[in-house]
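Single chain ahead, by itself, as structure tokens, in the form predicted alone.
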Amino acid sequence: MACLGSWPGQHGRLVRLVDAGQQPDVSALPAMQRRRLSRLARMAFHVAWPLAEARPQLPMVFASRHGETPRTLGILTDLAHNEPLSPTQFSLSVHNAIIGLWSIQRGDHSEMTALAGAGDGLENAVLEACGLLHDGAPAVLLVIAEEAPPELYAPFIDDVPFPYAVGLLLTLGDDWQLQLNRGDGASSEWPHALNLVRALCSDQPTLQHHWKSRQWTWSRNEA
């Protein structure tokens, strides 16, 4: 799991790497609350918590294309076997469960949004965050995370080669610009959010991402 801590600029960069076989560190939370978190939620909390520590109130945009697939499959399996369904498991499987848990744990009542984006969910999450910034938010926390799909889903989910989460602390500035045009192109073998991490860490001037007929171009503005 590769994790980027913050957008380049006045906040610097924090890159956190976790072995795919380890549970992400959420030791800042009480043990009772840690037990409620799925691996996907732990990954999201792991990258987000250090960015938010100094900001008691911080709007958040969470994006995941597939969400809590292991929990959902568990519920469907119980249903298929006529087993009683767990209300707790259901409540934690919905797409906005992670931001709900985040808000409760931090006592943060800021505006928060959960997006189920397609192959360009990252860009749509950035646009949502920019809207919050232009509405007056001094900073926005953006987290994009994906869990490795259960084996049953593997033939249908081919864009998550391993679990990952990326956290970005966004503020208003002119370091980067994002443009959308029509265009076709090959998709990267890497998850796009990790391509962005690589671009940020390598001072790469531009980055293109294609999804269906949409071509997103990230451009670093010259100093």
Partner chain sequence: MSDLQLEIKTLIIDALGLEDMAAEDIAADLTLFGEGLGLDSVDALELGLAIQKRFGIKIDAEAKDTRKHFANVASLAAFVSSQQTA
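Residue numbers count along the first chain shown, from 1. Everything numeric in this text was worked out from a predicted model, so none of it was measured.
The protein also exists as the form predicted together with the partner chain; that form is not presented, and the subsequent description refers to it.
Participant: Considering the partner chain in the predicted bound form, which of Met32, Ala154, Leu180, Leu172 comes within 4.5 Å of it through any heavy atom?
Facilitator: Selected residue: Met32.
Participant: Which listed residue (Arg36, Arg39, Arg198, Arg55) meets the criterion of a heavy atom within 4.5 Å of the partner chain in the predicted bound form?
Facilitator: By the 4.5 Å criterion, the partner-contacting residue is Arg36.
Participant: Partner absent here, but in the predicted bound form, which of 88 to 96, 121 to 129, 107 to 115, 134 to 142 has residues with a heavy atom within 4.5 Å of the partner chain?
Facilitator: Going by heavy atoms within 4.5 Å, the stretch is 88 to 96.
Participant: For the heavy atom contacts within 4.5 Å of the partner chain in the predicted bound form, list the residues of 67 to 85 involved, in sequence order.
Facilitator: If the 4.5 Å heavy-atom criterion is applied to the partner chain in the predicted bound form, 67 to 85 yields Glu83, Pro84, Leu85.
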